[in-house]
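The structure tokens that follow cover one protein chain in two forms, given apart as structure 1 and structure 2.
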Structure 1
């Protein structure tokens, strides 16, 4: 019913507009085409000026209305750099935007056709061309300079004390692996991937480093003010680890691991206070179109203190023991006890 209504209204609007347009053409012929043309010329010139003024007010209004909903304080050290670069660029391009748009619409209005004026024959002026080649070139040099400086800081080597977490994207969710006490992620091979055998990451159990690696899905924990280096993988197609609050992003590519590092500067709890949203969580969004469920490829990051983190991780069982229960000292112990009990009985 609603669709029918919309279509009907559109159709009606269509018809009316067309009839007006046709009629206006006849009227123009009746009134004398030249006179009618001059009339519309004036109207359009005025509308261009009005568009400029209302448009600029609109830009201001839009900014007032939406600025509270964007950005907020960045929650990582790199985020501060990204935001600084962003504000430098907004300032410089903003000036250019206002000046050029005003010139464009003001000239259009001011120099609208008039019988009193003759256009000024002005084909070139090399000095002017030089000026507006050099000024943009200098401005852009500044932007490139700052940009590359921050870029190297952000993409540079991760600090030695950074903790490592492996992030793997798959249709449509996230998997995480922590290296455990040894601080090294064990080797894996994609042909070993087997959720049935409790080996969803494809870890090679022969590799000693794998024995303490902890595997989990959907939720990742980080330590506040401690640098973290993410090793990023994808299982099936290209995904992207998007961390809006940390201002970080890196593609997850099957077959080619990528990395990024940053230091979270606020715990989740602090962010709840800062944003005033009681349900605030850091979210991992997939930013690279990856299929039907792309929009729902959500992960959660909890940033907490070192003690909270240690307690959380200690409660997790290494995947090696999940996949090989016979190697689990705890399980083996209960097993022997059971056997002993059986013998006694």
Structure 2
């Protein structure tokens, strides 16, 4: 029934629009079609000129009002380069936009239909066509060159001192894995994924490098002014690691790990001071539609000093010991003490 009413309303709207158009034609005939058409042209020409002026003022106002207030300054070294490339692109395309729009609307006003002027037929000019083909081609080549250079810089080899964090997207959240003191992430296998057995990442426990890896969900910790290499995966469908404050993003593809690296330049505390927002947090979002819960796929990034990060990591228990409590020296010691206390009592 609801579908019927929607179709009926759409049909009625079309019918009303058609009747209004027919009525306008009849009015034009009664008034004199030629006179009505010329009057309409004058009104349209004036409206186009007004739209140009109001539109340009609106663009300038929005730019001044919102500039730097949505995301603020970039919080990574690569982010500065990305913003610079974006500003160059906006400047070049902005100049072309302003010139072409002014010409478009001004010509529509200035050269509106007139009995005192005859239209000039100008079909072809090789020199003009060469100019508006070659110059945009060169400009776009330069912009693409910048993009490729920055892309390979972001996805290229990370510095030797870079920390490593594995990022895994799933419907609808994020998982993070950190190597322990050995600095190496242990191997994993998708068939070993078992949250019930405290192995959500599918780690291979026979690999000794897994014995000190730390697993976290929804919250990633990074060190300020220290490069970080992200090893990115997905468990189910294609996701996308979106780091808006760092101006970084990378697809998370099932079965095909991707990487990128950057250096955070401000701690979370510093950004709170810079933005004046006490509730400010760095955010990791999914920038690829991944299902009905896509909107909620959001995680938090904490950027802190090396001392704070070391203290945080030291307080976390390796996932190997979480999955194998009998291997945990602290748990064995506690169990032994409990047994001794039971005997004494």
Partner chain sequence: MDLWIVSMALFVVSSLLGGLNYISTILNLRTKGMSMTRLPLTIWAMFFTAVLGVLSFPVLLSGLILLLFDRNLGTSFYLSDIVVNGEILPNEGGSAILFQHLFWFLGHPEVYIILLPAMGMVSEILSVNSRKPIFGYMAMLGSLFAITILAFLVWAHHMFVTGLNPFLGSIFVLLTLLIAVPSAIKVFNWLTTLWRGNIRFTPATLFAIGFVSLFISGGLTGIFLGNSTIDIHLHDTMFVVAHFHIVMGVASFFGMFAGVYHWFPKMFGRYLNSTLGYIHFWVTMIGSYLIFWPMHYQGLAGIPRRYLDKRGWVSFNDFPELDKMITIVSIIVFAMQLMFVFNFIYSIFKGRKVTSTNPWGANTLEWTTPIRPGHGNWPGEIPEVHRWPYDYSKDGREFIPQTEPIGENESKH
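Residue numbers count along the first chain shown, from 1. Nothing here was measured: the structure is a model prediction, and the numbers come from that model. Take the two forms, superpose them, and find the largest set of C-alpha atoms that agree within 1.5 Å; that set is the rigid core.
Only structure 2 comes from the form predicted alone. Once both forms are fitted on their core, the CA shift for residue 270 between the two structures remains under 2 Å. Once the rigid core is used as the reference frame, the Cα position of residue 139 differs between the two structures by 2 Å or more. Superposing the rigid core and comparing between the two structures gives a CA shift of 11.6 Å at residue 12.
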